[in-house]
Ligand code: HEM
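What follows is one chain in structure tokens, specifically the form predicted alone.
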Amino acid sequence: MDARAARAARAALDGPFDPWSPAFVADPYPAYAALRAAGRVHYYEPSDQYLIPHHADVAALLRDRRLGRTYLHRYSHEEFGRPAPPPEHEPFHVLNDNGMLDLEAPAHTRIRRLVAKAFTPRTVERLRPYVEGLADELVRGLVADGGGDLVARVAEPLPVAVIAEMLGIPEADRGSLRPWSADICGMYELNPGEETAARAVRASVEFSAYLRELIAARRKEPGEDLISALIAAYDENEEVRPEGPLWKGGGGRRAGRLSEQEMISTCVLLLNAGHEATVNSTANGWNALFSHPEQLAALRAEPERLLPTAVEELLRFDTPLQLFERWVLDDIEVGGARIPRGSEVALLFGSANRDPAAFAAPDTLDLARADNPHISFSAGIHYCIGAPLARIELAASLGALLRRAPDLRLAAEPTRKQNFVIRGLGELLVEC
């Protein structure tokens, strides 16, 4: 890196890139542009991470097996030069670290193979009538009341109900899922504080205890749901024979084993990931549409033609997951800069999705954009297993709102959550 580039990089990091600033959280995209212009990799001391802002580099590193979501399959904390988590955080890490998102092969491969049965294109497509019917019901309720909070009335309940239905969570228990999820996901922000950690630990304990009881009940009386199918995989002498509305057409071959902790962690991951991204994509998407009335008018005029590309463009334009982290397991080089083993890279999805090297006019919302290689669902072995279902949910809620609330409009300035990594709105008040 020459002296001019080094000065530009320092200016980008010392100036607009400030993930704890309300102004940055409101609109991080100018800061990303400065980072991209300044270079391909930047060490950011406040979070002890190497920031990767370019689309090509982010896409490549997501697939690079020299990086991992964990390092514990190869190194101890001491060998890797990283401190062990504080003992008081153990309940969170036991829960988080046994989910497939934070595992590498072979554990990741084994668990993902089991869970993937619930998310095949054919299985997910069978859920479409249920998802569309529920979206229509939620929107009809919003319209009947003349409007309300789009987040609380539509964006949140739809994906929570769908993933809870798949797992077999009783309807009466679903009210706790979103608060537990929000508290756990607070730990995915940069440098979470002790108060955030305490909430995450408490939620981890409560969520785990609830699922342990539910799993025990399903062992006694299996149902036609994903938890029951995972229980079957818990016993190596059992064959997984998925049946019922979520599993019709499933196989009968041996699928491997899950420990009870892996089962609990997998369920929490599916519940959290299964709705967090969809909730925030829905809210961010409508916020973008209200900010671009000409695009909203075009979508209302031709919903059938534009809806498929609109879903992808809204996912790209204001990405619900702005950053994804990887540990460097072996030395790598990016743009001539060496990143040593033991480092952590922060792959900036939000920046990659606005990179002019990958997208024409990247700061323009174009609902008809055909060439759209966004990475909002990640890539490589950790590509979002629920992406097909998320797309159906987003299209269902968007379509229902276009159809039943053709005059939907903002009733107040949206309220944005003060989170950087998981980007979303706290409230989006609308009138019908």
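Note that the structure is a prediction, hence the values are computed from the model and not measured. Each residue number is its position in the shown sequence, starting from 1.
The following text describes the form predicted together with ligand HEM, which does not appear among the structures shown.
Fill in: Output flag, Ala277, Phe377 and Ile385 jointly within 4.5 Å of ligand HEM in the predicted complex, heavy atom basis
Yes, all three are in contact.
Worksheet item: Among Ile163, Ala203, Ala155, Ala310, which has any heavy atom within 4.5 Å of ligand HEM in the predicted complex?
Response: Residue within 4.5 Å of the partner: Ile163.
Worksheet item: Trp327, Phe119, Tyr188, Trp180: which sits within 4.5 Å of ligand HEM in the predicted complex by any heavy atom?
Response: Exactly one residue meets the criterion: Phe119.
Worksheet item: Only one of 360-368, 43-51, 23-31, 393-401 gets a heavy atom within 4.5 Å of ligand HEM in the predicted complex; which is it?
Response: Within 4.5 Å of the partner lies stretch 393-401.
Worksheet item: Is Leu270 one of the residues lying within 4.5 Å of ligand HEM in the predicted complex, judged by heavy atom distances?
Response: So Leu270 counts as contacting ligand HEM.
Discussion item. When the contact criterion is heavy atoms within 4.5 Å, does Ile339 count as touching ligand HEM in the predicted complex?
Written reply: Answer no; every heavy atom of Ile339 is more than 4.5 Å from ligand HEM in the predicted complex.
Worksheet item: Ser351: heavy atom within 4.5 Å of ligand HEM in the predicted complex?
Response: It does not: once ligand HEM is placed as it appears in the predicted complex, Ser351 has no heavy atom within 4.5 Å of it.
Worksheet item: Wondering, does Leu101 line up within 4.5 Å of ligand HEM in the predicted complex on heavy atoms?
Response: Although ligand HEM is absent here, Leu101 would touch it in the predicted complex, with heavy atoms inside 4.5 Å.
Item to complete: Go through 311-326 residue by residue and record those having a heavy atom within 4.5 Å of ligand HEM in the predicted complex; state none if no residue qualifies.
Response: Stretch hits, in order: Leu315, Pro320, Leu321, Phe324, Arg326.
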